[in-house]
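As structure tokens, one chain now follows by itself in the form predicted on its own.
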Amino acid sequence: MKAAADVGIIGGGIIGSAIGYYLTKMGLKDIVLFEKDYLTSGCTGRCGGGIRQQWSTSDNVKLAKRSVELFEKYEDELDFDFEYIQQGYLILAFTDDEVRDFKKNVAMQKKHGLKVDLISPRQAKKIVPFLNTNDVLAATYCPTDGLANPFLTTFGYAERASEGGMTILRKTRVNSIERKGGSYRIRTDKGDCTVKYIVNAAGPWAQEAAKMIGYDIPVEPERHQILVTEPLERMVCPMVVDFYHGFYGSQEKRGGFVMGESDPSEPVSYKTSSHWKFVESISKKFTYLFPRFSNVKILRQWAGSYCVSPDAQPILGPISADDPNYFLAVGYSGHGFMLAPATGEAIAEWIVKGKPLTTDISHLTMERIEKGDYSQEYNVV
């Protein structure tokens, strides 16, 4: 255990690893990442790997678009294969209200330079021939959305950050944090480390990490379940999203369908167990959208946690004006993987250069929550 470092990062998922990588890339070497288990052991290793830029708020669109720009450079820059494929996202509208909202969203997204279109059910069926479009009124399609392997992406960031000087402490639980002059003493089950900056990237456990130093941040853990089917011949290219019924699904590299759903009845909890109710519900949604695949066998199911914020957008930056060296990178509401590159770059710029320069995240700080000055993100499943 190092006795001191410039930056201490709590959380060894995609967010903590990306921040560590961009800090080292910007020349900061003295970093310690604390992970209570193994890298990707939290929500990163349980997500579906989707990368989407089609959002209803400008801030999420900007973060996602910048993340895709960085994902497109990832393999060359890091010399690490993370199984990235830009196969698009097809988002379905089933009501007149959804069509109205999608038109507004597409206009906003295009203003940010996103290549996205509102298309007809007939056009949607050309993109996904096996899709049931009988009740679909319209859809949006962005060809540069895609998928990647969450494990490999995280490992790539972590390995390159480690080569750049970051110390990764696995199986090291942070028990408490104390202010020590202008620094922080992080107490763990393996010793103490004093740091100048702290980054809370603890995902579902972000609130616990904040409480260690006296803050109550408005994020909560929420279980979301997912499953994968047996491998089939590859026939569905884009990720298909249905906000109306609460469904998302795509065909992964080896041919299996990976799918999940939203469940409004899910309570706040740290549960990561699975149950039969989910299988029944997701099977009905899947076979409604893809009737041809009603006899597909399920291989396995699992669950992970979303770290949910009040507006379903991340909370980024210093926790308060009085505590400018304690940074938050939390509250992604299930979308941390796809927003990680831009987050890593922005937080690293804020620490090293005094403010984020590449992507404006000024309206994603805790201040918006405290003032109630925020826009709700509705494109969540």
Partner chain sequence: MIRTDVLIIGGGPAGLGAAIETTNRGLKTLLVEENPIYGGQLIKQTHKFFGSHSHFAGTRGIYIQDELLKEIKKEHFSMLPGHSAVGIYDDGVIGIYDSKKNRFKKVSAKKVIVATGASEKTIPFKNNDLPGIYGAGGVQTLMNVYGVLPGKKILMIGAGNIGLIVSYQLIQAGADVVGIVEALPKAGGYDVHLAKIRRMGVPVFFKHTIVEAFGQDSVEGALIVQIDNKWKHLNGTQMQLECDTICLAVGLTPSSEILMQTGIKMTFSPSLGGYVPVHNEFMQTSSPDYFVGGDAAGIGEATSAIIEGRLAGISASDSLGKEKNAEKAYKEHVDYIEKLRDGNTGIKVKKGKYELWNKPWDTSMETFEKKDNTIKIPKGRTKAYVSIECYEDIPCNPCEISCHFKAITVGPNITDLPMLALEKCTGCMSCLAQCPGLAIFGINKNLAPGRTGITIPYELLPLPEKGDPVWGADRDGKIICSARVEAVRKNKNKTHLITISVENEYAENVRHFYPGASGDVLICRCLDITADEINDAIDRGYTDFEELKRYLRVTTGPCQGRGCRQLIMNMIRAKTGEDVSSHSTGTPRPPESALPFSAFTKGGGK
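This is a predicted model, so every value here is computed, not measured. Numbering follows the first chain given and starts at 1.
Another form, the form predicted together with the partner chain, is not on view; read the next lines as being about it.
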{"query": "Options 102-110, 213-221, 234-242, 249-257; stretch whose heavy atom lies within 4.5 Å of the partner chain in the predicted bound form", "finding": "249-257"}
{"query": "Three-residue site Thr229, Phe293 and Gln301 fully in contact with the partner chain in the predicted bound form at 4.5 Å by heavy atom", "finding": "yes"}
{"query": "In the predicted bound form, Arg46 touching the partner chain (heavy atom, 4.5 Å)", "finding": "yes"}
{"query": "4.5 angstroms heavy atom contact with the partner chain in the predicted bound form for Lys180", "finding": "no"}
{"query": "Close approach of Glu83 to the partner chain in the predicted bound form, 4.5 Å, heavy atom", "finding": "yes"}
{"query": "Residue contact check: Asp117 to the partner chain in the predicted bound form, 4.5 Å heavy atom", "finding": "no"}
{"query": "Sole residue of Thr194, Thr144, Ser283, Ser262 within 4.5 Å of the partner chain in the predicted bound form, by heavy atom", "finding": "Ser283"}
{"query": "Answer option from Thr57, Ser333, Thr40, Gln53, heavy atom within 4.5 Å of the partner chain in the predicted bound form", "finding": "Thr40"}
{"query": "Any residue of 169-199 that, in the predicted bound form, places a heavy atom within 4.5 Å of the partner chain", "finding": "Arg170, Lys171"}
